[in-house]
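Only one chain is included here, represented as structure tokens and corresponding to the form predicted alone.
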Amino acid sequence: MKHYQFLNTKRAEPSKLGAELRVNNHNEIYESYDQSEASEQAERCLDCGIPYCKWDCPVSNNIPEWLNLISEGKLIAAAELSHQTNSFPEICGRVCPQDRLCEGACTLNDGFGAITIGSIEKFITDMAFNMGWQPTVKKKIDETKLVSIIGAGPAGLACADFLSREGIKAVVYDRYEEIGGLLSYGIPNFKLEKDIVKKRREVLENMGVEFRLRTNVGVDIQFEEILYNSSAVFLALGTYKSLEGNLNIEKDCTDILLSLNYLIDRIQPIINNERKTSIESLEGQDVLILGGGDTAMDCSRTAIREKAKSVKVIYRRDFENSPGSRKEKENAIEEGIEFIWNSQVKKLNYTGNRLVSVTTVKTSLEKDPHSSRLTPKELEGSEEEIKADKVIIAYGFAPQLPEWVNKNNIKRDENDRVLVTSSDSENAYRTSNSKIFAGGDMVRGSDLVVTAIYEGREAAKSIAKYLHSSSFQN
């Protein structure tokens, strides 16, 4: 009868702080399950013969299996199993768009309500850590084989996690003072509190991973020195160049903000426990956010927390066809953010060097034989002017590779993404320099956190195989 529990128990997410309260702080808005709530929700799982939830998860999590363990109260076993496929379940449980991945594929999603997979995934590791659990490391670190990882974002950290479990020394370099990359500096606290990332740093260091932070490779240390002293190198530099959408941006205008610059400026004081910022406050101003992804949601919800007079999100598709996760869009709407769907910004309007408004045009969505997505088409005569004091551009990101990449036989494509061997090849994620591997957004383009985790882990498997092969010479 356990497999029919979904008939008696409705889907119930953890309680959420009311919008009128949560916009006054930057704390996470969701509470956590207790053991009984997590077990009750896990018992709703049908344990399908074909686990679509697992198939639609980029890291192929053993979801039905650890749901079953939680339903039986076997927390530590669930944590061990969860970590076999995912290096950071507590992070993915918070930031993954589950509605488009595991929960969207759940058999119960059609009528009964999907299993709350993300919330249970978060609960498992949070609770296990609170009980003092640490991931199992079965092999002693071999100091003679050293892999240098450049970039402490999700791909780099996942690579370090896997290598340490294989007994291979991992040293991670990053220019920031804390690990996480955009986990720390690009995702606001109300989605991912920074103590969660700091706890993961502690866990990784206990596993033998070494971090060399506040180290800008190419400036504080030369890449060639790292390469010479390493058995292999993994590049995980991410994508930090903001796309600007071919808009007429005045260089001297401080009213046009790039999303990543804005988020880093607002998040860094939280990490450093200080109030100093370089971008002026948005309090009392009319703010427009351009874009429809989760970064746009992050910017809009941050702006509303610093008491902007109004916050509007402009996107050329509609609610259902925008790339942001449903949960984040709904949270933004609850918090008072207005969405202007099927609208495209064509021009920024200035008086002197100050922004005064934007000119938009309406769009309609049409089928495109060359794309799986509906394509927006501009409608003639639908121009409109919208007042704005500040505009934040959140059109996505591209790689911005340092000069030392050019000097070390690392080939790139026309979009500046590093080229690597395919994931199913003998030496997966290897660059044109046989000693250097790469993965994550700098290879794929800006994508999900869980996808970067997958590529970091897969690259680590390839590196370990290379280091244990007869062709390897240290």
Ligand SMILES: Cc1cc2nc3c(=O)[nH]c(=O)nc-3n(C[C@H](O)[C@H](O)[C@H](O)COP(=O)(O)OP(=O)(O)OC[C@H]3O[C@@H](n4cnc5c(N)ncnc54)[C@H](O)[C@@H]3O)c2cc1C
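Just so we're clear, the structure is a prediction, and the values are computed from it rather than from any experiment. In case it trips you up, residue 1 is the first one in the sequence shown, and so on.
Quick note: we don't show the form predicted in complex with the named molecule, though the next part is all about it.
- The candidate site formed by Tyr262, Gly291 and Thr360 is entirely out of contact with the named molecule in the predicted bound form, as no residue has a non-hydrogen atom within 4.5 angstroms of it.
- Between the options Glu28, Glu40, Asp447, Asp416, the residue in contact with the named molecule in the predicted bound form by a heavy atom within 4.5 angstroms is Asp447.
- Proximity to the named molecule in the predicted bound form, taken as a non-hydrogen atom within 4.5 angstroms, holds for one residue of Pro376, Gly324, Gly186, Pro399, which is Gly186.
- The named molecule is not shown here, but in the predicted bound form it comes within 4.5 Å of a heavy atom of Ala236.
- At the 4.5 Å threshold, heavy atoms of Thr295 reach the named molecule in the predicted bound form.
- Contact annotation: Ala452 falls within 4.5 Å of the named molecule in the predicted bound form, judged by heavy atom distances.
- Although the partner is absent from this view, Val95 contacts the named molecule in the predicted bound form, with a non-hydrogen atom inside 4.5 angstroms.
- Only one listed stretch (162 to 170, 244 to 252, 346 to 354, 177 to 185) carries heavy atoms within 4.5 Å of the named molecule in the predicted bound form, and that stretch is 177 to 185.
- If you take 148 to 165 and check each residue for a heavy atom within 4.5 Å of the named molecule in the predicted bound form, you get Ile150, Gly151, Ala152, Gly153, Pro154, Ala155, Gly156, in sequence order.
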